[in-house]
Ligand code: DI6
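What follows is one chain in structure tokens, specifically the form predicted on its own.
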């Protein structure tokens, strides 16, 4: 059945730009966009339903391409510690940080993890998110990673959102492998990844390449196994130091390298050549009060696609609003509102391997869009907080939350 959506202005975000159509109309059929353009050029035909959007600005549905939504416990106490001068590395060394969340996540039941993650994910959906990536990485054992990944799959099945599931078993060293990082990497490669992939729980593989996590050589072992399993890779890289993890990611044709505050121009060149997306995470930058900015000019100069994500997690970015990240990207990283919006639409889709089907409003793509009651697209990055009046459409159907 054809459905007509009209009386609106559209920022299609095709090619990562606003690509504005004023007084626009959108024709959808069976969950896809069949036609989009000026209402004056609307093809004649019959429509099963017609919706007037009352002059709203329509954008693609927002895509949060880096989250850690499923976890147990709460780390607000560490937030207080950092404000008292204790560093993230010092907290981690004392058994806090990721390790504390691992303990809480292992202790939580699957139902408890689902219930808490559902509430966090609903916050993102009410903000206009229609697709999201969720990583594991707070289990660090086959049983617990499986539990998290099962919850991720269930969230995608029960909520009106497209969910991509990423295995981040190489997130931190579990306590039972203390001082045995190579042994843990061997366990991930020989047991965890093959088993979880065989169960259909994994869409991509991620790792944390950092001096307080895993070395480039250890990460490469994980990437080789992911490659053998036919799974794309992603990487947390250059957040706290320069290990050229982003160049490593580029060599393996990674979908994305994320954080990137300490990346070099050499890394940017490698990412540009491979098509690896730079996913910037302003929430973590803000929450940790970092001062080392990502090399924005190098990324722009070499044409690296830049995505923005919430990095929703309990320790370094407890962010429940992707739209707030648009403002942070503009104010902290000096991105333009147009660049920021591209970063949560077209470029975010590419960072998830979904660029051919999602992220822009074009014929043949999935009919995920948001009709916003705003004056201009820049308003999405301008307003701080609140709940902007909107109408969310996913797969061509109105979403009620």
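These numbers come from a predicted model, not from an experiment. Positions refer to the first chain, counted from 1.
Form predicted in complex with this ligand: not shown, discussed below.
- A heavy atom within 4.5 Å of this ligand in the predicted complex is found for exactly one of 262, 208, 252, 114: 208.
- The candidate stretches are 327-335, 262-270, 306-314, 145-153, and the one lying within 4.5 Å of this ligand in the predicted complex by heavy atoms is 306-314.
- Within this chain, residue 323 is remote from the site of this ligand in the predicted complex, having no heavy atom within 4.5 Å.
- The shortest heavy atom separation between residue 276 and this ligand in the predicted complex exceeds 4.5 Å.
- Within 4.5 Å of some heavy atom of this ligand in the predicted complex lies at least one heavy atom of residue 75.
- In the predicted complex, residue 234 stays away from this ligand, with no heavy atom inside 4.5 Å.
- For the marked spot (57, 345 and 361), a heavy atom within 4.5 Å of this ligand in the predicted complex is absent from each of the three residues.
- Contacts with this ligand in the predicted complex, taken as any heavy atom within 4.5 Å, map within 68-99 to 68, 75, 88, 98.
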